[in-house]
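Only one chain comes next, encoded as structure tokens, the form predicted alone.
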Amino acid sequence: MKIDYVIKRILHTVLIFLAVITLNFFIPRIGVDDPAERYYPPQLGSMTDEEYDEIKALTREQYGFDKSNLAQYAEYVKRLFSGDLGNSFQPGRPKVMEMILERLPWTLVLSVSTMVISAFFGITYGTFAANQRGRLADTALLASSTVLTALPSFIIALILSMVLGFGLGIFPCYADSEMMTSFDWSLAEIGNVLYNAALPIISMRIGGIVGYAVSTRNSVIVVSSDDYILTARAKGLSNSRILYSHTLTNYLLPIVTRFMMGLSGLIGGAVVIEKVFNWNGMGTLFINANLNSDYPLMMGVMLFLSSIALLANLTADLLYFVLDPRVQDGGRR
């Protein structure tokens, strides 16, 4: 791997990260005259306007809105590069990083399970469908892809909740609210987590499996028509050897891209599903922060998600170069 290629990709990622920090700070403030307005106490009948203005000024100072946006931005960046995401506006002013780390494992339960299951079954079935091109397995995959493309994940989640939850009662429709506070790594608790996570995982997995399967199918079909594959067949090599020794490394390139794109949405992609099933993960944390105008928490969650996306994209670029050395800067060959 050329060191200059790696350095360029890292510098490119750093520049984007700096832009993300800036946008992450200013976008929530667009169109908001007074971010502290939500936190003003009610004006009592005996209180004069001057006294109430003083109370509002103290409130703005308490929450850090008494300075200009540029001054706040400079302080935010300085604090950020010291590893401090700030304190939430919630009672007790808890640390934003502590709140994120508390919710992160519960989102990973859904997201990592979904990614692993989707990638394994999707790649397996997609390879099989490509080898059965035009037959039932291939036709069924394309038909299901057409249907599921038109169905958002939250619609699938609501259907499964109605049928498997409310209708048949096989799985709980809503996550156990006490599960996260009482978890102790016992077999019973692990089983309870899997039981409560079943419907969210299934809801996210259906579209993921089909997506991976279609991408794999198309990649295998394209690669299978290349000259070196035709030459391998002409030499009399077995189909399994052609698949694993020649086709695999080349059709994995777009799959790597899809996997890394999925990794970039590993946490944020579960926001709607978490809300449907009342799963207290990162998605629910961000929604509540947005509803409560909790700026430090909103910015902390968004920056965390953006960092994962940037790292995933950087990893995809470097993996592309490892899998195919012909890849040059900017994706040219």
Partner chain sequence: MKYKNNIIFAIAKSLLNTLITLGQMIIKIWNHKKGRIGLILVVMISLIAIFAPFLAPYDPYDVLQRGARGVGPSTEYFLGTTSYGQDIFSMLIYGARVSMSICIITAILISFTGAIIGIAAGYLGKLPDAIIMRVVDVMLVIPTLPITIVLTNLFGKSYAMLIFIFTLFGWAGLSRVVRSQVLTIKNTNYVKSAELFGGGKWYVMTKHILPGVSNQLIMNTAMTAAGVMIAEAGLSFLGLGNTEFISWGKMLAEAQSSGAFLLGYWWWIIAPGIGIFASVSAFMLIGFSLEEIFNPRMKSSNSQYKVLKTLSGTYIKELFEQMEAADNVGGIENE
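Residue numbers count along the first chain shown, from 1. In this text, all values refer to a predicted model and were calculated from it rather than measured experimentally. Between two forms, the rigid core is the largest collection of C-alphas that superpose within 1.5 Å.
The following text describes the form predicted in complex with the partner chain, which does not appear among the structures shown.
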_I'd like to check something about K67: if you look in the predicted bound form, is any of its heavy atoms closer than or equal to 4.5 Å to a heavy atom of the partner chain?_
no
_Residue-level question: is N218 within 4.5 Å of the partner chain in the predicted bound form, judged on heavy atoms?_
yes
*Would L318 count as a contact of the partner chain in the predicted bound form, using a 4.5 angstroms cut-off between non-hydrogen atoms?*
no
_Contact test in the predicted bound form: F81 vs the partner chain, heavy atoms, 4.5 Å_ = no
*Give a yes or no on whether each residue among L23, P152 and L310 has a heavy atom within 4.5 Å of the partner chain in the predicted bound form.*
yes
_in the predicted bound form: members of 122-137 within 4.5 Å of the partner chain, any heavy atom_ = R133, G134
*Core fit, then F25 C-alpha moves 2 Å or more between the shown form and the other one*: yes
*Are R38 and N87 closer or farther apart at their Cα atoms in the predicted bound form than shown, with the shift being 3 Å or more?*
closer
*Closer or farther: how do the Cα atoms of T284 and V32 compare in the predicted bound form relative to this form, given a change of at least 3 Å?*
farther
